[in-house]
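This document starts with one chain, in the form predicted on its own, laid out as structure tokens.
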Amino acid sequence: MAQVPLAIASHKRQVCSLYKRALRNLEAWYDRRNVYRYRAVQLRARFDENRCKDLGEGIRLLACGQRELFETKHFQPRNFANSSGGCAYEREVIPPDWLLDYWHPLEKAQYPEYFAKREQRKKEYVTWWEKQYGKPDPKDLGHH
């Protein structure tokens, strides 16, 4: 979902995106930092020398750059661990709030202020729910 464009990107934004993707591609190809920096400086020089005022020429250069990036893309690109495709993507499980109801009273006693406020908020939520949707019918609460 993060890759879905929400609006048409300007030419300048597309060029900046191409530059960043090209740098990430260089990172994948060159693991030695000094070699990567040398190639990154060369890449920046290519972008700077191809800067032009004519939009038609700019669009053509952008298309050529995107094609070149596609053709030179690394076969196994580097991913950040928590990014989509990374080794730790979606590993952090956020437990649901109702699990706190099953804590032992001795565990809850270690955080008295938190659980006092939590019980107060639960009561406020029930009050809000009943005001919004009405009280539940006792006949509906029975087993079917």
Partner chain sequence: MKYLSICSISFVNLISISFSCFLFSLYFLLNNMVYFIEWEVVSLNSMSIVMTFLFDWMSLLFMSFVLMIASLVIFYSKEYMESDENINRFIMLVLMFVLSMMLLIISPNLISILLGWDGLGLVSYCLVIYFQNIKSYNAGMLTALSNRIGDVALLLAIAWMLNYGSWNYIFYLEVMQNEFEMLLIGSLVMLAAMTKSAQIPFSSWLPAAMAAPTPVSALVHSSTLVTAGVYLLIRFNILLSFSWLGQLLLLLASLTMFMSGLGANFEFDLKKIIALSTLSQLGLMMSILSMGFYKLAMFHLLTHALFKALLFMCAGAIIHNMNNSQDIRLMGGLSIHMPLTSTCFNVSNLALCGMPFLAGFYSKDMILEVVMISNINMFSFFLYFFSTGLTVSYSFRLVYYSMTGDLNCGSLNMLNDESWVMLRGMMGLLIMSIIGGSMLNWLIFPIPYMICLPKLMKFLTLFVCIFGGLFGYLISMTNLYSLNKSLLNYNISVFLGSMWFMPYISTYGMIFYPLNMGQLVVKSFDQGWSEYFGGQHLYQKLVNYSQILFLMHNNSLKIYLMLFVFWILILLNFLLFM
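Residue numbers count along the first chain shown, from 1. Just so we're on the same page, rigid core means the largest C-alpha set that superposes within 1.5 Å between forms. Everything numeric here is computed off the predicted structure, so don't read it as measured data.
What comes next is about the form predicted together with its partner chain, which does not appear here.
For the chain shown alone, W98 is not a contact residue for its partner chain in the model of the complex, no non-hydrogen atom being within 4.5 angstroms.
Although the partner is absent here, A109 lies well away from its partner chain in the model of the complex, with no heavy atom inside 4.5 Å. Remark: A45 does not count among the residues lining its partner chain in the model of the complex, judged by a heavy atom distance of 4.5 Å or less.
Although the partner is absent from this view, R51 stays clear of its partner chain in the model of the complex, with no non-hydrogen atom inside 4.5 angstroms. Partner contacts here mean any heavy atom within 4.5 Å of its partner chain in the model of the complex, and among 99-107, 57-65, 77-85, 112-120 they occur only in 77-85. Applying a 4.5 Å heavy atom cutoff to its partner chain in the model of the complex picks out A28, W29, Y30, D31, R32, R33, N34, V35, Y38, R39 from 22-43, in order along the sequence. Put the two forms on the same core and the Cα of P95 is off by 2 Å or more between this form and the one not shown.
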